[in-house]
Structure formats: C-alpha cells, structure tokens
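Starting off, we have a lone chain in the form predicted alone, written out as structure tokens.
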C-alpha cells in the first residue's frame, strides 16, 4: 500500500469518526429533553430539581401518574380523559377534513383550468408566511359567538396554505398521460382526482396528516383565547392550568407532559413509513 493511499485512508476514517461524533452530539441535544421528561415523570420532585441527577434513572415509581389521574378526576378539577378526548376529537377532525379540503384545492390549482387560478394560488402561497398569531385576534372577533365549543377550535384550521402547497407540488409531478387516459375512459375531474391522484399521493397524505396532527395537538394560543369552560379544554391548555397550581409538583407536571406526548408518538409510528417514503421521494426529486 503506497504512502498516499494510506494517508487517504486515514483521512477518510478521520472524517467518518468526526461525522459520528457530530451526529452523536446533535442526537444527544435533541434526545436529552425527551429523556429528562420520561425519566423525570417517574421521579419525585426533589430528584427532578436535582440538576444533572435528574438524568439518573433512580427512585422510579408510578406515583406521579397516579397523582395526575387522582387530581383530575372530579367535577371541580375536571377529568383527564375528557381533556384527552377533546384533543383527540379536535385533532382528528382537523386532520381528516383538512386532508380532503386541502388536497382538492391543490388538485384544482395544479390540474384544472379556471379563471383567476394563478392569482388565487399566489394568495395561497403568500398566506404560508403569515403567522397565525397575526390573525388570531381578528379570528376571535369573527368567531366570538362560538366560544367555549369544540367547533371553534376546529373550524379555523381546516384550510391550510402550507398543506395546499405540499399537495400542489406533488400533483404537478403526476403524469398527465395517465390522467388523460382516465378521462378518455369516462372519468370526470372529480373521478380522476379520486381514482388516480389520491392513490398516488399516499405519502403526501401521510406527511400532511402527521404535520397537521402535530400542530393541532400542541395548539395552545387559540384555545387559551376561545375556551374558558373546562368542559371544552384540550390537553395543552389543561397542562398550563395544571402546572400553575401552587405549590407546583414538577414530577406530576412531567408525568402530565409524558401523557400529552404519548398519542403523538402513537400517531407518528402508525404513519412514519409513509412519512419517510415521502421525504425520500422529495430528496430524489431534489
């Protein structure tokens, strides 16, 4: 083996080792809060506030979880499972109806010809950069009569400019020949969308569903503006109320946080195959 080749091999190994070190450090930074949340949810408050000792898995028990369920099991404090059900209903409705509305709108922009299409799509793209905080107060005045209901937490989030844009970019890449063949067989625009476009767009549907579910499940600002009745309170809003009780038991707060995250993990695991497939497809196209 020549000296040059040995030097090249050492350089390659060094770069590989450096990449592993950087990735390990980045992974630790991202995983550390989730690990602290999980371990801390099983520990007493004194240990949770013990600095780096909070990362050590010792003195573990289910007491914090039992305390959360016990303290949220009456008419005066509200019921944990009611808060959970509210979050599930709100998120499921936004995801399902949003997938239908946003995919159909994107298909109309990408495949149908109609007057004002380009200008309308330009408005949709512009809405992507408008933060929800900027329109929250006008929305509050518009929907003031619907406060303290599940519908007011669902209705403003059906249409989503970013979801439309994701569907739009995918539908643009579909083969027009297949769609034209379908139309020659007698399918109209809606039939072509349902029979051709939707089955081809499963990874995009999964990606949009996951992103929408994550956003909706963690929604806090809007519920805090429109919900004052505990009956319609979703989990993130209840978490803020729960953590505001004095004295604060941080072990129980972490247990509540872990319960808040659990449905998100289940949803992601259920659809992660399509999510990864969509990301890989986007990378190949890029």
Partner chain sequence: MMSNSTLEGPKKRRLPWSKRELPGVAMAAPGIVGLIVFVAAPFLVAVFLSFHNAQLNSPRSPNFIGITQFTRLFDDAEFWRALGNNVTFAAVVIPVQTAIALGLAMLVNQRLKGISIFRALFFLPVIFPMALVAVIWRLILARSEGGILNSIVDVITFGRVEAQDWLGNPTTALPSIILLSIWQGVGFQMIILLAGLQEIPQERYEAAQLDRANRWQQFLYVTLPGLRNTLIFVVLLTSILAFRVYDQVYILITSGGANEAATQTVLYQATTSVFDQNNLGRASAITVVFFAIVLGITILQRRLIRQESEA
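Rigid core (definition): largest C-alpha set, two forms, superposition within 1.5 Å. Every value quoted in this text rests on a predicted model; they were computed, and no experiment measured them. Numbering follows the first chain given and starts at 1.
Below, we refer to the form predicted in complex with its partner chain, which is not included among the displayed structures.
Proximity of residue 22 to its partner chain in the predicted complex falls within the 4.5 Å heavy atom cutoff. Heavy atoms of residue 86 never reach within 4.5 Å of its partner chain in the predicted complex, leaving it off the interface. Residue contact with its partner chain in the predicted complex: residue 236 places a heavy atom within 4.5 Å of it. Although the partner is absent from this view, residue 217 contacts its partner chain in the predicted complex, with a non-hydrogen atom inside 4.5 angstroms. For its partner chain in the predicted complex, the listed stretch (110-118, 73-81, 174-182, 86-94) containing residues with heavy atoms inside 4.5 Å is 110-118. Residue 224 is the only one of 67, 224, 59, 231 with a heavy atom lying within 4.5 Å of its partner chain in the predicted complex.
Within 4.5 angstroms of its partner chain in the predicted complex, the stretch 13-31 places a non-hydrogen atom from each of 15, 16, 19, 20, 22, 23, 24, 26, 27, 30, 31, taken in sequence order.
Comparing the forms between this form and the one not shown, the C-alpha position of residue 137 differs by less than 2 angstroms, with the core used for superposition. Superposition of the core reveals a Cα shift of less than 2 Å for residue 62 between this form and the one not shown.
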